[in-house]
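Just the one chain here, the form predicted alone, laid out as structure tokens.
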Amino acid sequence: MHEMSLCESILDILKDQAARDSFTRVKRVSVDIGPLSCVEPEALRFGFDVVMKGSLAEGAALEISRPPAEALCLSCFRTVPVEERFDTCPECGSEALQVVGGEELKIRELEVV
């Protein structure tokens, strides 16, 4: 379950940010997890609680947003929604799509004290 190592990376980011911005407690972490990121939100939620125990983020709420996956069609030059990595363009049927959104795992916002 690679989500545990992702949670450890999130904790490292929180520690670095706390040192830079002088906060001692994290109350809420908001993350964006794209549907093409290969990250299971519920596994991340479970790993988050385990990894944050005993840290500055123990008991912090984890808010997960799922931004839509989008691709640029290289045939009709439209940005279109996609469900999977190898979808065809819903506008023109082309298979020449370049993913432009939906692969991310990023911290969007922190609530700290």
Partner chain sequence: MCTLCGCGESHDHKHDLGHDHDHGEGHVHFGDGAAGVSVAGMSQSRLIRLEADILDKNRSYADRNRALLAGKGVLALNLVSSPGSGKTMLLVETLKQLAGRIPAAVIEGDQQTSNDADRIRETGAPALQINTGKGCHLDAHMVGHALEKLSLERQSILFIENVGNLVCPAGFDLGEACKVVILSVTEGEDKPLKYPDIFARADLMILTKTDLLPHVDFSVAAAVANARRINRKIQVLQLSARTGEGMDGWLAWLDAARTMSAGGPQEIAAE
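Positions refer to the first chain, counted from 1. Not measured: the values here are computed from a predicted model.
Note that the form predicted together with its partner chain isn't included here; everything after this is about it.
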Can F77 be called a contact residue for its partner chain in the predicted complex at 4.5 Å between heavy atoms? no
Residue-level question: is L36 within 4.5 Å of its partner chain in the predicted complex, judged on heavy atoms? yes
Does its partner chain come within 4.5 Å of any heavy atom of C92 in the predicted complex? no
If you check in the predicted complex, is R28 within 4.5 Å of its partner chain, heavy atoms only? yes
Suppose contact means any heavy atom within 4.5 Å; which members of 75 to 113 contact its partner chain in the predicted complex? R85, F86, E95, A96, E103, L105, K106, I107, R108, E109, L110, E111, V112, V113
